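Laid out below as structure tokens are two forms of one and the same protein chain, each shown alone and named structure 1 and structure 2.
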Structure 1
Amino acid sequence: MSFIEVKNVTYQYQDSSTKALDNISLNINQGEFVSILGHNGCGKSTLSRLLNGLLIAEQGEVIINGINTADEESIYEVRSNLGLILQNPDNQLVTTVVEEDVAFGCENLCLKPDEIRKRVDNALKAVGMYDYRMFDTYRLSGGQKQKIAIAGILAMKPKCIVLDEPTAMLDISAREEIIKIIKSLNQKEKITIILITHYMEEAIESKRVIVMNKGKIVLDNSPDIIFSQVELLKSYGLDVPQSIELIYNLRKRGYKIDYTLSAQGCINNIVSLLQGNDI
């Protein structure tokens, strides 16, 4: 059984004439790192809130680790299995001191003080913020606040973390740090990661990419296969990674050059092309 099962789910907001999600189905296994792409209004954020039980499907079912999110008595168990990180970290910080904020979720789980202390320290160390544990949250940068938001979810020990555009309000350096943390949580802690992003370079880091358009899932495959379909992605209003864009333009001009996701791979292919080798 998949860790996440979305079965024929439809959802429409009351003030909208169109469906935010239109009969979508999706399975995600424990330990996967999945990126979800799509232009604004395609249903990405709606899906993230359905996974966490903040919204309930009008039709179909959302099952998290065997629990139906529509079961009100089990909603806290759903959220202990699946944590949600939102775009603006200021909307997720609830106290004025870093370690108290990270402890907030654990306290709601009614854990013993010694266990809370252990979890908070471990979570802060995991995101590189242990030395800031006594800082006022309002003194932190945007990237540091997002790290604290991740630590607060991490301290609750979920099996899965859904991140809804967590780097959208951050600079390039902070974005890179957050993605590094996300990859580490997936690779070392085996936490299932679902990353909703507008940045194609972030999606490259995942093992699976899902593309949404008009409330439907239109593509679902590995990053190399997804991003090789340049024309199709552009038809959905999406960009592609810079290395892919460069190779795409060269291919349009008749050059024989293979697609590659990495910047270094792109350089190597171009050098080989210039040297007159077949690639």
Structure 2
Amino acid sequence: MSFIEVKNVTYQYQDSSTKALDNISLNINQGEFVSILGHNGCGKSTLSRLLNGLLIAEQGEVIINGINTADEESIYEVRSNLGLILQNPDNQLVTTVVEEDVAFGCENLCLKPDEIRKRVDNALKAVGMYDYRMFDTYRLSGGQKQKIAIAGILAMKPKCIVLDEPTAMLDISAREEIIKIIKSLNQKEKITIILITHYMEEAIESKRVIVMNKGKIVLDNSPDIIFSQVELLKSYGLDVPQSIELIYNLRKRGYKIDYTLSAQGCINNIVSLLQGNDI
């Protein structure tokens, strides 16, 4: 049994004429780091809200760690196991003081004060914001607010964290810091990570990439296989790293050169190509 099971789910919003999600099925195992890529409006945000029971599918079911999200009695168990981080850092912070905001989730779970204190401190340290614990939430930068949001979910000790375009409103350095934290949570704490994004440089960091288009899952594989399908990705409104596009163009011209995900790999492959042609 997978940690997350999505079975034949279809979802349509009340005021919409098209299906947001059209008969999708998906399995994700504990400990995976999965990216979900897709243009705006492809259904990825809808999927994230179905995963933690904020939305319930009319057709099909979503099972998290053996619990059906439609089961109202167990919804809090689902949510304490699967946390969701949203795009806007400001609209996720509930209180004025950093450490109190991080404690919010634990207080809702009625944990003992000592336990809450320990979890809050550990969560803040995991995101590198322990020194800011007494700060006003208002005074933090976008990236710092997003880290606090992550700490707030971390303190609840979830088995999985879903992040819905967490870096869309952040600048490049803040974006990199968030991705670093997410990777470390997956590698060190073995937390399942589902990263929803349209930035391919973020998707590359994961082990498995799922591409969505118009409410359907169209591709599901490792990053190197996904990104080599340049034409297909462009038809879905997505982009590829410049190194991959370069290799794609050279291949179109008839040259044999392998795809690779890193810039260094690209350089090595170009050098091999040139040497192979005695340049």
Partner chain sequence: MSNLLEVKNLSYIYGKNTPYEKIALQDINFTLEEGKILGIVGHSGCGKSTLSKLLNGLLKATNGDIILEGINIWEKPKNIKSIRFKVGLVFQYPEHQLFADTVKKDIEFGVMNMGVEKNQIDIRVRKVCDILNIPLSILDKSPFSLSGGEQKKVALAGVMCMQPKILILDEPTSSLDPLSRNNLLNQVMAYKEEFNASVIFISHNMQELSLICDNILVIKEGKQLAIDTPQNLFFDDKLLNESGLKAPEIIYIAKELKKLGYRIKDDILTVDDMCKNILELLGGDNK
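In this text, all values refer to a predicted model and were calculated from it rather than measured experimentally. Rigid core: the largest C-alpha set superposing within 1.5 Å between the two forms. When a residue number appears, read it as a position in the sequence of structure 1, where counting begins at 1.
Two forms of the same chain are shown on their own. Structure 1 is the form predicted alone.
Comparing between structure 1 and structure 2 on a rigid core frame, one finds that Asn269 has its C-alpha moved by 2.3 Å.
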